[in-house]
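So this first bit is one chain, no partners, the form predicted on its own, shown in structure tokens.
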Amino acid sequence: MTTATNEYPTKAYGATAPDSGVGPMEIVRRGLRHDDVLIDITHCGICHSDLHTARNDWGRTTYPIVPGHEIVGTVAAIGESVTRHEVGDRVAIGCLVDSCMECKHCDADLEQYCVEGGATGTYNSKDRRDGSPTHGGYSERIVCREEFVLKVPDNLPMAEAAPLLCAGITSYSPLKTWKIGPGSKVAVAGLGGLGHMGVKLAAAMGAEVTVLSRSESKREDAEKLGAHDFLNTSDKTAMKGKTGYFDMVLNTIPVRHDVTPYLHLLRIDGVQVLVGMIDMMPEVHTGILLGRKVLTGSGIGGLAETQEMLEFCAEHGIVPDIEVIPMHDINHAYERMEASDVKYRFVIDMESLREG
């Protein structure tokens, strides 16, 4: 057990400038407030958002920055008012570490859409109480308000559980929101970190799942992941043959692209949900939408839904396909991630940071 102190000097890896890469640094975690949990991090997944934030690709990074919002570990100490967690518990933190907890969205378990100043991000944000910068999971420990600490079911391996905190919930939330289940026809566009989780989750919900890709090499992978069919989007005849067929297109493609071909695949009242493209979208001819096609987006999930997702994955034996790396390989992992050279998610073994 870790003894509660006024603050916790912490080994971490972070960036100091857009071109600095990610390297060793020391940060200080705050001492425990009455409602805080101290977590010894065992693993942290690597998300494309980490790379973009470290390099300031979105123009809003405050340096120094410690990325990482797919965090799992064990409880090392708790504040005097904490009732949800005990020392030794297997726990997790996703993309959020706080919100107002009082607005209409927070009351509806949609903390990610907090109205009062927005939710507090796990990194590159400001603590709601003292204004200090938040730092993420590329570190040996983290302190977090107890409500934002989730429980990892006993039968979920810790390393595999980590990517569920972003890739998992980002795919799960729209499937639940639009009531995907037995009889539903779901197309998953893109087969990366998000897409491969979308395939596994939709199939476990009972849907007929088709992977959409312009790369024929993805066909075999799609089948191994549990997809029932594969549609090569470069094949115009095959695409036309699926016009009006799907209830949902879960679009996980992370780069700017034309969404129009996927709208044609939807039935009346079908929905295309964008979860990967964080960019200006190309123009869409609104005539397509007059066929009562829905084009929307979805961002992660609230606390209750994320906990539900973890339990769903535990119940159905769903885990991401991962490659575990030591902390010092992070910059090489970023390069490989940009080249799509991972199937399908990197996870950092944080013991390597402690040993280093």
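Sequential numbering from 1, following the sequence displayed. Model, not experiment: these values are computed from the prediction.
Keep in mind the form predicted together with another copy of the chain is missing from the figure; the text below concerns it.
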Taking heavy atoms only, is H105 within 4.5 angstroms of another copy of the chain in the predicted complex?
-> yes
Does at least one non-hydrogen atom of T286 fall within 4.5 angstroms of another copy of the chain in the predicted complex?
-> yes
Closest heavy atom of K236 to another copy of the chain in the predicted complex, within 4.5 Å or not?
-> no
is_contact(F230, another copy of the chain) in the predicted complex, heavy atom dist at most 4.5 Å = no
Another copy of the chain isn't shown here, but in the predicted complex, which of 108 to 116, 199 to 207, 157 to 165, 86 to 94 has heavy atoms within 4.5 Å of it?
-> 108 to 116
Of these, K293, R29, H48, H43, which has a heavy atom no more than 4.5 Å from another copy of the chain in the predicted complex?
-> K293
Taking another copy of the chain in the predicted complex as the reference, which of V143, V75, L274, I180 has a non-hydrogen atom within 4.5 Å?
-> L274
Within 4.5 Å of another copy of the chain in the predicted complex, which residues of 247 to 279 have a heavy atom? Give them in sequence order, or say none.
-> R256, I268, D269, L274, V275, G276, M277, I278, D279
